[in-house]
Structures are given as structure tokens and as C-alpha cells.
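Only one chain is given next, in C-alpha cells, and it is the form predicted on its own.
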């Protein structure tokens, strides 16, 4: 048993490695891209009975609609502007968890390198969305709130929450895989199915938590929460 899919190396040249994490990551990305292309290829086509809508297209529309609704409920105005980034995060982590029902599969999210990469994407995206919404000066001004003394603490908070994002997802996915592996060794016929279902549910919850936390960070960076707080405060005072 190994702790991380990073330990399974297929090819190595110097410090360059092709391990299981990289392979499963590219396979998942290929599945998502090709799947999205196949499902949406008939959008707008008109057949004998009007506009053709396949079952998979209907399912994808439900998923996209649910993601859009969640982004709006967090408080981000115009959720469409954030759908590409946040939707991709959720679908990648969720798909990595869904594939755990395949025997022998190890999700790339059980590797700290993958979860760190996802968390760094969030770290980069948050200021980009904040600057686009508030301007460079308006975004940087938030780091001086409530006083300039808080500048180093606000920067540390930004970095620590990125670390927490990576470690939380890695810890949950890795522990789930280890538990299933141990139970498979002890009782190969009793627990695997139940634990696989439990692992699938845990993975889906982690995908939801990861994407929701990223949405909250972006909402904070774009000033949405502050605007809502100002509106609530003004209504209370009135």
C-alpha cells in the first residue's frame, strides 16, 4: 500500500517523472473536455420535432444550473462571470471522486501536489477577480482594513487559507483511499462496496466544500459581502 499516487512512477528521466497522479489528471481532463464536446454538439440543432435535447444535455444543464444557483446564493452578482473557473473546479474534483467506483482507480486529489495546484489556482484567481471588480487600488485597499497595521496579518491569512484548502481536500481524499485499502485487505468481500459508496459521498461533499470556499473567497475579494453588509446596516439604521 502506498500513501499517495505520486509514489507510482511509470517513467522517469532525471527529475522529470510520469506518475499515476499526472496520468489520472490528464485522463480526467480528457474525459471532461471530450464529454462536454459530445454532450453539447447538438445544441441549437433543429430536427423534425423541433430543437433536439438529449438526456445527457439535460443532465449537464441541470448541473450547470445548480452551480450557477450556488454561486448566486453565496452573493456573487452576475454568476456567469465566475462559472468557467468555479464550475471547472467543482466538476474536476467531483469527477475525480465519482471514478472511485472503478476498482483500482486512485483519484489525483489524493495527492498533495494536485490539491496544492488547485489551491494555488484559487490563490491566483481571487486577486484577479477582485482587481477586475474593484480596480487595483480598491482591491489592495482591503489589505489595509481596518488599519494599516493589519497588512501582514491579512497577507498571512490569504496564504494560510490557501494552505488549508489544499490540506483539507488532500487529507479527506487520502484517508478515504487508505481506509478502503485496509478494509479490502482485512475483509475483501464485505466492506468494499459500502466503503466505496461512502468514499464517493465524501468526495462529492469535498468537491462542494472546495468550490464553495473558493466562491466565498472571491465574493470577499470583489467586495460583495461588504456591499451586502453595508446594505443590511443601512436598512437596520433606517
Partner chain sequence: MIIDWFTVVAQVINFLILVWLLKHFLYKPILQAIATREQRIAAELAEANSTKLAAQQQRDEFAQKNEAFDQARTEMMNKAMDEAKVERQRFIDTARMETATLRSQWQEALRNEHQNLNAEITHRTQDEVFAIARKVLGDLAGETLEARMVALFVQRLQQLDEEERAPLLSAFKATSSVALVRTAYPLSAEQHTVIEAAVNAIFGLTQRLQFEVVPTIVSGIELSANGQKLAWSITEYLGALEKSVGELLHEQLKTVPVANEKSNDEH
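Positions refer to the first chain, counted from 1. Computed from a prediction, not measured in an experiment: that's the story for all the values here.
In what follows, reference is made to the form predicted together with the partner chain, a form of this protein that is not presented.
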| item | value |
| --- | --- |
| 4.5 Å heavy atom contact, residue 92 and the partner chain in the predicted bound form | yes |
| Contact of residue 174 with the partner chain in the predicted bound form (heavy atom, 4.5 Å) | yes |
| Contact of residue 25 with the partner chain in the predicted bound form (heavy atom, 4.5 Å) | yes |
| Non-hydrogen atom contact residue 73 with the partner chain in the predicted bound form at 4.5 angstroms | no |
| The partner chain: the contacting residue among 98, 121, 131, 150 in the predicted bound form [heavy atom, 4.5 Å] | 121 |
| Stretch 74 to 109: residues contacting the partner chain in the predicted bound form, 4.5 Å heavy atom cut-off | 80, 83, 84, 85, 87, 88, 89, 91, 92, 108 |
